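Shown next as structure tokens: one chain only, the form predicted alone.
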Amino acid sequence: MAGTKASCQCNGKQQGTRSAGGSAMRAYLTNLMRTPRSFRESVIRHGAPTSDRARSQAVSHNFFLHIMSARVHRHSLKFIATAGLGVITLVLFLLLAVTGILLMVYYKPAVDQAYDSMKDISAVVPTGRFMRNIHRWAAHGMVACVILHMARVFYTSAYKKMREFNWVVGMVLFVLTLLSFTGYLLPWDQLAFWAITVGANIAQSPQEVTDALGITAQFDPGGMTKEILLGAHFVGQEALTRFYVLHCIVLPLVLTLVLGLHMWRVRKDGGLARPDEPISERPPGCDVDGSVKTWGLMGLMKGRTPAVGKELANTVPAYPNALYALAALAMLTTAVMLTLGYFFDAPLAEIANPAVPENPAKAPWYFLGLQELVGYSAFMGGVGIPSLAIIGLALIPYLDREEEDVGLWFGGSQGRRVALGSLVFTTVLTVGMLVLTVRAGWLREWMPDIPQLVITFINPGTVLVFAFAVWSLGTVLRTNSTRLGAIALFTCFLTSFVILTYFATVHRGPNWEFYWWPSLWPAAH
């Protein structure tokens, strides 16, 4: 009996174990079948976006919390408000990152292999030519969009009211974007070699001042800068290695960090700048659409940010309105880059030859305006004037403290008149200065024995800067407005940059002589 009882108990335990095992197996199979749904619920922690609350959660429960708010103002979605330049610039940066990684797989950063690897990429690697073309066009497009984006932010006063620091961050991004020039050397062809040589000579330009003062032997910042840049006194393997590391590793990492900070500050500074509107008047506890509004702890917080105390009625959920606009701009930008990459090839000249100078040796288009000024004074054209421009731009939000409606182009009709007048003034002055220097030269042609220091600090570039400053101060005195004076000065510099870039691109030929058109260049140059 005892043995029988024990046997029954043992059998019961075995059945229980089998039953538990069967339940565990059924649960495992059930969980396996539910995995797609469980994964979706772990990613999307809200219901279908059929209400304002659900649409807000679609934004606030994911990465976009750090990019955009749950609701955006209708004015921010208008194309005329921003022209989508910030989004386009971001998309171009992502295209550069993707195509750059693909090109790195086949590129060899060695002076005896770099040029051959570029030829292989263009002729042997599947879609290699296409990727290189997209990379080049995206790089040029990003520089252009950053300049236009900066102009848009300035002319709409979007650097005011808690956004001052983000303007400075934007200036850092502007400088970092211009440093994409480091990729110019990587093809190791004649165009790249001599363009970098020009850039290195500009970096060495402080020697113009130290030589004139006779202190170069004791203090040579120009020579030190050039050697740090190239790793030697000439463009060679050390320069190629440094430019490769800077272009492929350092710059992308720094740009990503600063770009993330810039976008985060846009979010934290109340979103995109827009004209002020009356605070909406609606029954307490009701949302924009009339639905009952629930409050969390964050809704009771007080502070000084632009978002506090401004529940504007004229807002829409970021999803899907802003998200669809971003997607459309991204697809359009990508389509344009794909089209340009398909129809227009990135240039690849002969292999670099230090014994055969390129004539004319020209920098990338965004440095050609400076190269024109360098022709008059290497130091002021390459270092002095650009430094003054960058510092002046960074100080704008701290010098212009006028209270005005932000988000409006030029701040109104008076600002448009000032900008137009400054454009006409700068066009006449810059073109006139170019005509004078082409036909009659400058001080060195007029007075051959004039000291070099005089040429350094009194040249067409410094004369233009001085004239722009006088014009700006005159605008301030005439209008009693520092904002209008800033508009005048910014317009002068922007207009002059465009004219000088065009002039150096089209009308400068061999030996940096003037030609009406490149077709008129001598046959051998």
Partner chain sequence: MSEDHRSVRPPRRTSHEGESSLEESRRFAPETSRRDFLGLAAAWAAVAAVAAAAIGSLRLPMPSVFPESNSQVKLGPPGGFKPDSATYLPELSAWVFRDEQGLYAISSVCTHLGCIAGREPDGRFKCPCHGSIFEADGKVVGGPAPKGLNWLAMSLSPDGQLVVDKVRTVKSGTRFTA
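Residue numbers count along the first chain shown, from 1. Quantities reported herein were computed from a predicted structural model and do not represent experimental measurements.
The form predicted in complex with the partner chain exists for this protein as well; it is not shown, and the discussion that follows is about that form.
For the marked spot (97, 116 and 120), a heavy atom within 4.5 Å of the partner chain in the model of the complex is absent from each of the three residues. The single contact residue among 392, 364, 231, 252, judged by any heavy atom lying within 4.5 Å of the partner chain in the model of the complex, is 231. Note on the partner interface in the model of the complex: the residue among 164, 227, 405, 220 having a heavy atom within 4.5 angstroms of the partner chain is 227. For the chain shown alone, residue 375 is a contact residue for the partner chain in the model of the complex, at least one non-hydrogen atom being within 4.5 angstroms. Residue contact check for residue 430: none of its heavy atoms lie within 4.5 Å of the partner chain in the model of the complex. A residue is said to contact a partner when one of its heavy atoms sits within 4.5 Å of a partner heavy atom; residue 357 meets this definition for the partner chain in the model of the complex. Taking non-hydrogen atoms only, residue 157 never approaches the partner chain to within 4.5 angstroms in the model of the complex. Only one segment in the set 325-333, 416-424, 82-90, 348-356 has residues whose heavy atoms sit within 4.5 Å of the partner chain in the model of the complex; it is 348-356. Counting a residue when any of its non-hydrogen atoms is within 4.5 Å of the partner chain in the model of the complex, there are no hits in 106-124.
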